[in-house]
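As a starting point, one isolated chain is supplied in structure tokens, in the form predicted alone.
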């Protein structure tokens, strides 16, 4: 595959909201299709470019899609401007930043994950080592940290000054925005908190599927809380014969509906990625009628079709893709309940 310079790259970049497969198709049936190989991530224009351009360059130089999706995930993990993944992530109740991540590799259906990991920036890279260097799937807490240190990862303070100030501001209003329920289990409260997370999914030139989900989790969570991101089938799932899906947002809702697994299985049954993402959101609404949170799903199948949907109103692209044609930005669809 030929490389191309930045100027050519920018000229070839294009913006899409959707590509219609027929004039009489409804919006829900419209598809975004890209050429293979391809990478997608669960961010819009700004972060999409930051993540996918270096990831794509890694693919061009290495021809290894697992290395490429890891490179993309590492970009966000080490960037203090993002407060929902890695370094600079918003902490738990006690002011400690804890990270969750998972990784999957289509050939061999391999996977690995870490949860409640402290003091290590690249949680997704530790998850990869769990997948490649052990016969386990998940390591957690202090033992995940010890595993990372044994493989040469440096101990680092993940709490930036910006995130520390945000945490202190939250502490001042703790009674209205924590996770502790009153005795009568009154759940009428303000749950508008940072959830973040990023999914990076890729299909190589041989049609093999790879994916990563990485996060610092729900801001100000109760210590010990683990969300969907490190749970295979919840925050990430793929099948090398079908495609891949990833989740961001309120992890508890994704876990109890096995969201990413559900999407992949619906694609296996013949749904498009867009239809499957919307179906999975509607499944959440079936078990929780009080949607005061956001969940976003992205998915891609082996045909190169992309889907993305969320509960919140769409205010611009919510998913990005990159291929030999350059960058694409996908608006996705709001699922209204």
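Residue numbers count along the first chain shown, from 1. Bear in mind the structure is a predicted one, so any value in this text is a computation, not a measurement.
Omitted from view is the form predicted in complex with a small molecule, to which the following refers.
Within 4.5 Å of any heavy atom of the small molecule in the predicted bound form lies no heavy atom of residue 77. The closest non-hydrogen atom of residue 115 lies beyond 4.5 Å of the small molecule in the predicted bound form.
Contact check for residue 250: a non-hydrogen atom falls within 4.5 Å of the small molecule in the predicted bound form. A residue is said to contact a partner when one of its heavy atoms sits within 4.5 Å of a partner heavy atom; residue 102 fails this definition for the small molecule in the predicted bound form, lying far away. Only one listed stretch (146-154, 87-95, 219-227, 204-212) carries heavy atoms within 4.5 Å of the small molecule in the predicted bound form, and that stretch is 219-227.
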